[in-house]
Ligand code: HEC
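Just one chain follows, in the form predicted on its own, and it is written as structure tokens.
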């Protein structure tokens, strides 16, 4: 019985990857999140002004590089401010968390 429990836990752990590929190196997702706290916070506070937050891994880095400037322009047209610096930080977070 214990063997079955241990095997089940091991199988579940194998299905839950703790690493997100980062080009050639693999960086633990928790480490990426901790180093991008300010960027994530900006994403959450600025992007939610106009729409629900999107899952960053749902798009590639290339897609986010096109989307973020377009969304920042839309926000500006609605009188909402996202500075160039904030836009760069938001993009940094989204690209780090993207599907690459």
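Predicted model, so just to flag it, every value in this text is computed and none were measured. Residue numbers count along the first chain shown, from 1.
Note that the form predicted together with the named molecule isn't included here; everything after this is about it.
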| query | Taking 4.5 angstroms as the cut-off for heavy atoms, does residue 75 touch the named molecule in the model of the complex? | reply | yes
Heavy atom of residue 94 within 4.5 Å of the named molecule in the model of the complex:
yes
Determine whether any heavy atom of residue 36 comes within 4.5 Å of a heavy atom of the named molecule in the model of the complex, and answer yes or no.
-> no
Heavy atom of residue 47 within 4.5 Å of the named molecule in the model of the complex: yes
When the named molecule is considered in the model of the complex, the residues of 79-100 having a heavy atom within 4.5 Å of it are 82, 90, 94
